[in-house]
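In the block that follows, a single chain appears as structure tokens, in the form predicted alone.
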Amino acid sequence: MTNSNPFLIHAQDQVVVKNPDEKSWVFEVGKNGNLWVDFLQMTDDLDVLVSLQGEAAKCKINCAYLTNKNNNLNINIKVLHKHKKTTSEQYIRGIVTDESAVSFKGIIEIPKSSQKCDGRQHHRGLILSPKAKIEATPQLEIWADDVICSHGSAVGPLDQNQMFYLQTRGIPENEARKILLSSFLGDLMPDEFSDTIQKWMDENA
């Protein structure tokens, strides 16, 4: 089955990639390996498992979601630190409107044997209409004691103070809204996705 949502693998040094249908991915990262991948989800669910299997393996997972109408997306990302001195970063941002809904679940798991690991996970979501919903469940499952880990999630509407600031500078409300939405994803997604994102903004912002 083909996924209509864009993805881009920037780096996959010492990485085994398994993606049976481009909705369910498994990445196995070996010693000193490096994985960096971007996902843009608009119509399909996403399930990602990253297994950091060798010492000093690292990964960076960026994911953005854009949903409208009555779409329902489930996004699950899990990073398993199976070896010591491994590093992971997860950055997830999304925008929902109309009657759409997104369920995001992100997990960082570090067993007792995997000391000196660094795991980070951050999620931010914007809700543009009263009937749209975002449910976020960030989780840390940490059994090791010599680690650095953080996670966080924030969901809400557009910042009205920022809207007011732009409008006082002579920018019309609709244009100000598009500027804020574009900047929300601008530093996360690569240029290769910009046309797809801009088209969605033009139709839904």
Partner chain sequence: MAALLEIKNLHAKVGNKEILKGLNLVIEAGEVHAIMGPNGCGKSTLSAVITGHPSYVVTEGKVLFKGKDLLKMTPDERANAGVFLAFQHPIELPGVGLAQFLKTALNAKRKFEGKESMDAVAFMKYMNVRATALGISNEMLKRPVNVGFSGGEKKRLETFQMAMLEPDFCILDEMDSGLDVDALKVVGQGVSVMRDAKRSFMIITHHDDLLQYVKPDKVSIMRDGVIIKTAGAELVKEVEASGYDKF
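Keep in mind that what you see is a predicted model, and the values were worked out from it rather than measured. Residue numbers count along the first chain shown, from 1.
Below, we refer to the form predicted together with its partner chain, which is not included among the displayed structures.
This chain is displayed alone, yet in the predicted complex one of 146, 173, 47, 141 has a heavy atom within 4.5 Å of its partner chain; that residue is 173. Proximity to its partner chain in the predicted complex, defined as a heavy atom within 4.5 Å, holds among 24, 14, 194, 183 only for 183. Only one segment in the set 148-156, 162-170, 26-34, 53-61 has residues whose heavy atoms sit within 4.5 Å of its partner chain in the predicted complex; it is 162-170.
The closest heavy atom approach of residue 136 to its partner chain in the predicted complex falls outside 4.5 Å. In the predicted complex, residue 179 approaches its partner chain with a heavy atom inside 4.5 Å.
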